[in-house]
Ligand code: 76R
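Next up is one chain by itself, shown in structure tokens, the form predicted on its own.
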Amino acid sequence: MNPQEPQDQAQENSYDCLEPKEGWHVLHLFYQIDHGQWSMMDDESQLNAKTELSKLIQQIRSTPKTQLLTFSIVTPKADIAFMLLTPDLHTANRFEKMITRSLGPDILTPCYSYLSLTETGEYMTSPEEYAENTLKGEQGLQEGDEEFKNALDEFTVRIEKYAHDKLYPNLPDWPIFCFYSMGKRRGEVNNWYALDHEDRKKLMAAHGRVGRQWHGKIRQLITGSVGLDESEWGVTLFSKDSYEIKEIVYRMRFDEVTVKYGEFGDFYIGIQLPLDELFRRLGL
């Protein structure tokens, strides 16, 4: 590493943490590789550059509460991509700059990026709603009964774990990665934000039932980006089969939420690879 880095690290650590009230910052970083510039470097310089990037990836992954995934992007939209999760915005910013410089000047050119925060979402069923609507309304249980109490306790534990896993996820090592941004339409006829909360919640519940058909086939992380980037959410999908990516996105297009209100950005497809194979795939 650059001898200046320990001093720079100490300087960075002197700043107050910029951690959100809940959740982690998420950065999706996409780069093109300038192979012309790369070919002008001698073999030793190329080896040193790859070694430095390898060390940087290890450094990032050893940082507490921080995860970094690397991908070879399948289409020419980008060559290589990184997905970084970390609490402190200073840490996210520092690592992003270090990644961009990691192979040397002008080798990695940013071509797309996205900043968001992990979130639980506003449409989860609360224990109070579950007790009133499901246990009392649907199952006819009475508050104070042992069966009511056990069912409510079980649901509370399950929903708390679900919320925690959305805010502080462990990303999978599944090979296929898909990222796209999305938002909800605010047109004169179909305006998502003009709907009552209960109407939105019912629509999202139906939307979720469609998605749950891919349980075990798709791992999904939806992160919030209102006020942080160009759209409103970032959607990251992981799978072991590209067919499943295509199918879940296609089938959910017929859901009312998507038909009337969905708007999508570009789709990026990548493959998680061991670092040595990633370098070979990228021609480095």
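The numbering used is simple: start at 1 and walk along the sequence shown. Quantities reported herein were computed from a predicted structural model and do not represent experimental measurements.
One more form of this protein exists, namely the form predicted in complex with this ligand; it is left out here, but the text below deals with it.
Peer 1: Among 27, 60 and 87, does every residue place a heavy atom within 4.5 Å of this ligand in the predicted bound form?
Peer 2: None of them does, since no heavy atom lies within 4.5 Å of the partner.
Peer 1: Which pick from 56, 41, 249, 49 sits with a heavy atom within 4.5 Å of this ligand in the predicted bound form?
Peer 2: The residue from 56, 41, 249, 49 that makes the contact is 249.
Peer 1: Just one of 195, 204, 151, 74 has a heavy atom within 4.5 angstroms of this ligand in the predicted bound form, so which one?
Peer 2: It is 204 that has a heavy atom within 4.5 Å of the partner.
Peer 1: Taking this ligand as it sits in the predicted bound form, is residue 212 in contact with it (heavy atom to heavy atom, 4.5 Å or less)?
Peer 2: Close contact exists here: in the predicted bound form, residue 212 approaches this ligand to within 4.5 Å, heavy atoms only.
Peer 1: When the contact criterion is heavy atoms within 4.5 Å, does residue 112 count as touching this ligand in the predicted bound form?
Peer 2: Although this ligand is absent here, residue 112 would stay clear of it in the predicted bound form, with no heavy atoms inside 4.5 Å.
Peer 1: Is residue 67 close to this ligand in the predicted bound form, meaning a heavy atom pair under 4.5 Å apart or at it?
Peer 2: Output for residue 67 is no: heavy atoms all beyond 4.5 Å of this ligand.
Peer 1: Classify residue 101 as contacting or not contacting this ligand in the predicted bound form by the rule of any non-hydrogen atom within 4.5 angstroms, answering yes or no.
Peer 2: Close contact is absent here: in the predicted bound form, residue 101 is far from this ligand, nothing within 4.5 Å, heavy atoms only.
Peer 1: Okay, which stretch from 102-110, 181-189, 167-175, 135-143 lines this ligand in the predicted bound form, with non-hydrogen atoms inside 4.5 Å?
Peer 2: Heavy atoms within 4.5 Å of this ligand in the predicted bound form occur in 181-189.
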